[in-house]
Every structure is written in C-alpha cells, then in structure tokens.
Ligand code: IFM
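Next comes just one chain, in structure tokens: the form predicted on its own.
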C-alpha cells in the first residue's frame, strides 16, 4: 500500500466555505423568485416529468432565521473564514427606499460571524436583482451602475467595518452568458447587443464600487470572483483547436479581468469545469472518466492550470468556490483532496494562493436546477431544515484543522 504524503499549506492559509444569499436565506423577492413561478416555466418542467415546486427557491435553507446555526457549522469545520452574501433586493425593495431593518439583520449576521472569530468574505452581487431594476432593463440599463454604486455606498458605510474581503461581483460572465445569450437564466434574453451593454455596465459597476469601498476603508481588500474554465486542445498537434482554446480562455477567463484596469486587490476563482476543445461543433469533447451528480467532468488538475493562468495578474488568489454535486457523498472527500493537491502544487511553483473555500456549506437551491443537486458538506432536510454532517465534512474539518492534506 503506498505511503501517504502530507502536504502542508503556508502559515495563515485561509480555509473556508462559501454560500450565496439567495441560495440559502429563503423569503427573497427578486427577479429570480419571480421567474421561477412563471406559468410557462412550470409547464415546461411538468412536460419534462419534473415537479415545478422543486424548482422554486421559496424558503431555501431558511438560513435567514438559522444563521447562527450555520455559523456553528462553519466553526465545526475548523474554518477560519466564511463567504456569504447580501441580497440587494432586501436592502432596496423599492427604488431609492432603504429597508434599514434588513440592514440591521445583516449587521447581526456579521457580528455573530465576528464573535465566532471568522474572517468575513462578503459578496455584494450574486446574480439576483431587485424587481424594480429588472423592470428598467437590469444590467443592460446604464443607470444600473448608478443604482448599484448607491447600494455599495450604503453597505460600505453601514457594514464595512465587519468585512475582511469584499467580492463586488460574483461570476459576471455566467450572468452575461446565461442571461443574455443562451436565455437559460433571468433576464432570459438572446440578444448580443444587450449582452454587450450589460458587460460594460458590470465593469463600470466594479470600478466605481472599488473606489467607493477604498475611499471609506483605505486598506480594504476588494476583488471579484470569476468562474474559470480550463480550456485545452483535444489534440495538441491541431492548430485550430489550440487557437479555439486560446480564444476561449481570453474571452471567458481573462478579458473581463483585464477590463478592470488593475482595480482589484485579489482574484477569486470558482473552478468546476474542464473543456477539451475540438474544432467542430459543439467544440467540446471531454473524456468524462469521472463525473459529478450533474454530469460535470471531475478534472482536478484543471485547478492548477487556472491558478497558473491567473498568476499573470500579480495579485493574491483565492479559490472561492470548488465543489461537486454528490448526493451519496461517495466522491466528495477524494474530490477535495485531489483538488487541494494541485492547489498545493501551484503554491509550490510560486502562485500566491492564499485560501480555499469549498462550495458549499449546505445543500442549497441550485438556481435553474432547483434542489436536486447536493453540493453541501451538510445535507438539509427541506421540510424540517435539519442540517446533518456528511462524512466528507469530517475529512474537510481535519484538513482545515491541520492546515495540511494527506495524498497518495
């Protein structure tokens, strides 16, 4: 039997778990909650043999009321940090009208996290929008920048003293691709011109938000997260596949970051996907030797590749999301260990990787895929909201406690 090798991580390496407000809180009213209940969508799901109720967020994990319990779960994992979000639609349910009761709620959440000695990574925008902004065209409306900046200013002034790391935007390219090109997500458009407008407005929103936070807190750590795919040519001798892979990496992984003109203090990477590029449609042909519960290829060495790619920006890097849907918890522990082996390799080769956050703390509402995918280190009974640790939670807790991972 091969001897286990212990890989130690640098002192101060930040171990954590990630969540998003809409996916766990429950009781939100925004563009997503409205879209989920559309009659046309319900009919489509029913025609596919699915229960429409399983695709409505509703109470989610009831974390709005159970946040203290969730913070205890984070501590039980020996994590030093927790990534959570604020829901804009709660703070500004009507245009220009601030709900200070909700601001106070988030203050209590952040205070409780601080009392637990957790570093806070706060996401300001994670795809959802207030209904009043949706009615005005969402991110395709240039005034969305002005509205978002006003919201950032309020949060920085009211809650900024609790925040250790700011994530202004979460995975903007996913919102742009699925919201404005494929039509899979709200606002369900297939319009490249609106996509371009939204793209430009999101970059402006980040740049202006960055300035506002730094004006209030000079030493703040402000960044964003990008869903980073590892693109590689299926055949290394094929020039066409090399070119497509290079172009995909530029358009999906790099271009948005370059547009930010170095106005970020760290980069968050969300890694789930490997794309083996071929020159003919659909331009991807993965081997899929092992897949997640959602059919996504498990390709641990890809996390090393995307970390190496982002090294060129000369900023601290954080793996802000990395996880898999695995209802039976058969693959999760191995998944975490193998990905961390490659994170460690990237660090050993000079990558300034300062933290790793598993997605997710809980089985949550997985957007258009509803409640079926199980990403959590803790399962959730969505009738009683009881949280139960999966065996992989113990494995991750040991890794966090020891600041090290054992590999073959």
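Being a predicted model, the structure only gives us computed values, none of them experimental. Numbering follows the first chain given and starts at 1.
The next section is about a form of this same protein that is not shown, the form predicted in complex with the named molecule.
Look at 309-317, 111-119, 212-220, 126-134: in the predicted bound form, residues with non-hydrogen atoms within 4.5 angstroms of the named molecule sit in 126-134. Though the named molecule is absent from this view, in the predicted bound form it lies within 4.5 Å of a heavy atom of just one residue from 36, 352, 366, 62, which is 366. Listed residues 326, 171, 241, 87 were compared with the named molecule in the predicted bound form; 171 is the one with a heavy atom within 4.5 Å. Contact check for residue 147: every heavy atom lies farther than 4.5 Å from the named molecule in the predicted bound form. Contact annotation: residue 392 falls outside 4.5 Å of the named molecule in the predicted bound form, judged by heavy atom distances. At a distance threshold of 4.5 angstroms between non-hydrogen atoms, residue 335 is out of contact with the named molecule in the predicted bound form. Put simply, residue 205 is far from the named molecule in the predicted bound form: not one heavy atom of it is within 4.5 Å. Shown without its partner, the chain has no residue in segment 379-402 with a non-hydrogen atom within 4.5 angstroms of the named molecule in the predicted bound form.
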